[in-house]
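Consider the single chain below, provided in structure tokens and representing the form predicted alone.
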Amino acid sequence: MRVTALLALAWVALLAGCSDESRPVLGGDAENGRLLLRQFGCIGCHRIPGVAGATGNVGPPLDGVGRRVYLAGVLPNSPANMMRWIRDPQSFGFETAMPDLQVTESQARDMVAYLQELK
């Protein structure tokens, strides 16, 4: 009986992992995030819908980034991973042209709130 209950619990946890609802919402102010993307110069490398002057072609365009499966081609796309990527892209152990811009946790949370809306 105990094994059956454990298997059932594992199955429910597995199924929950397949849902978009499994992505924890980190909060954040999306409007401030949109402004911060411009302030930190993200517009120089990325095209970002809704952000004035965001016509860069060095990095990938960020339209639809909220529905992508991976960030940087290898990192599972979740708000927490996107925050980590924005704050310290060099820490993931592979070469990237994205610089560490010294974004605070609060600023990254706001940026992610905006970027996750781009679906």
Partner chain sequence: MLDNIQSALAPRGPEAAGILEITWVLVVGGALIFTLVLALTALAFFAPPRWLAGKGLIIGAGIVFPVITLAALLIYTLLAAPRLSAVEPADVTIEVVGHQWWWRVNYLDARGEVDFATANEIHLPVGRTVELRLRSADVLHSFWVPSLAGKLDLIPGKDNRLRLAATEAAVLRGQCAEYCGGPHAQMALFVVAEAPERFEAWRAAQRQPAAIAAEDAADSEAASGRRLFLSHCTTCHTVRGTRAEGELGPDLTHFASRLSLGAGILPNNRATVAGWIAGNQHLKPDNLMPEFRFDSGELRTLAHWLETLE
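Residue numbers count along the first chain shown, from 1. Since this is a predicted model, take the numbers as computed values, not measurements.
Same protein, other form: the form predicted together with the partner chain, not shown, and the subject of what follows.
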Spell out, yes or no, whether the shortest heavy atom distance between E105 and the partner chain in the predicted complex is within 4.5 Å.
no
Is the gap between G41 and the partner chain in the predicted complex 4.5 Å or less for some heavy atom pair?
yes
Just checking whether C45 would be counted as a contact of the partner chain in the predicted complex - the rule being heavy atoms within 4.5 angstroms.
yes
Would you classify G56 as touching the partner chain in the predicted complex, given a 4.5 Å non-hydrogen atom cut-off?
yes
Output the sequence-ordered list of residues from 73-87 with at least one heavy atom within 4.5 Å of the partner chain in the predicted complex.
none
